[in-house]
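Read the single chain below, which is given as structure tokens and is the form predicted alone.
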């Protein structure tokens, strides 16, 4: 047996020396105590130089568990109980046996085997009495002795029984049969990795042995940047919108006035969404100027729009009775972190109202945006105070609620999300309104993935859009579809300080299963 060493270089030399007088060697015989991974590392080094070749041998050894080693030392539970009962002519109760044997579990298991072998019986008094006076063969102990010596047992049924009793376990053992190869030598030649200028000048390159290229080895980690999963899904969403003929809206304004964020959307100034517990308000400055036009000729239009919004809230207009409360201009000018990108959609629809198509009316339009919004939410597994909203708006003539539902099915099918569920809902600026649900396999429940509806006349006509123009609007978070696609159950593991950077680096680009 070779002297065993801990380093791969020393072990490689020992393997070569062991082969010097033999055609082949067995690693299990030469290096019985070394881990197979250590032996394989040395063998691979030698095999890469064509100095040796080897074959892998795999087998399963049967080895003793801790309880099995105890039985091998002291005897089986049933035989120990029998010996204890043979010493007490009047027998022993189970509690007395536990005191003698010192192991409650051993008494429970051994008594069952003893009754089966008819070695002892139970009297009316409850005591166990030995029925066998002579010595008995301890079959279990003999079986375990063979297992200890040979690491196997000829009868597989016996092995299965011993495993069931948790006396033995099987262990995979890997060993190697090693042979000499064409470049075999007792010493390992130093391999050159580079052809240097000095070698060319001296001519030593002619006799040098060069290390072969390993074309199967992986390249070193380049530590390159990686797109966040949210950005990957966002890219796919943008492609869907562009494919369906949408125009992207500018979303670079995180701070909005209450006018665009709430009032223009027909959200009353007493609505709970405008409370501090739902909306983040800016402290400095607290208020903004009134909405104004970029050009002087449009200023009258903006003034009319401001007054229309005030009237539709305060007195009612366009067939609506309004909310009938004193509308406050200062409340409308308070600055907030936008709670939805619908504030941008409103501004875009207001600009659309001033455009004229060939028929003198505003032309049909499709807008979308994907960007951050902010709400004073309680953070949990499915909610964050800062998240991304995907929003789409379609303005056209002759649209209906059925058309909105069908469009939602087409839109979400392009993302690979099918079998939608619609639920009636309330939004101040859409009527009718619907929440959209889809089944999340990770959370094992229906999850709301979007909200939708048809914008109210109080909102559209106030900005100058004609009565027969209908506008669909819908929104969904970017996080929830991303969670579904990447099987993330907690939104805090997707965005925020708890995100694992390796999750971002290693996850592949998402591909929405477009139908």
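Numbering follows the first chain given and starts at 1. Quick caveat: nothing in here was measured; it's all calculated off a predicted structure.
This protein has a second form, the form predicted in complex with a small molecule, left out of what is shown; the following refers to that one.
Query raised in the report: With the small molecule left out of view, which of 260, 367, 327, 429 would have a heavy atom within 4.5 Å of it in the predicted complex?
Result: Selected option: 429.
Query raised in the report: Does the small molecule come within 4.5 Å of any heavy atom of residue 31 in the predicted complex?
Result: Taking the distances in the predicted complex, the answer for residue 31 is no, it never comes within 4.5 Å of the small molecule.
Query raised in the report: Taking 4.5 angstroms as the cut-off for heavy atoms, does residue 143 touch the small molecule in the predicted complex?
Result: Because no heavy atom of residue 143 falls inside 4.5 Å of the small molecule in the predicted complex, the answer is no.
Report task. Classify residue 340 as contacting or not contacting the small molecule in the predicted complex by the rule of any non-hydrogen atom within 4.5 angstroms, answering yes or no. Result -> Close contact exists here: in the predicted complex, residue 340 approaches the small molecule to within 4.5 Å, heavy atoms only.
Query - in the predicted complex, residue 389 touching the small molecule (heavy atom, 4.5 Å) - result: Residue 389: contacts the small molecule in the predicted complex.
Requested in this report: Report the stretch among 486 to 494, 41 to 49, 473 to 481, 65 to 73 that approaches the small molecule in the predicted complex to within 4.5 Å, counting heavy atoms only.
Outcome: That would be 473 to 481.
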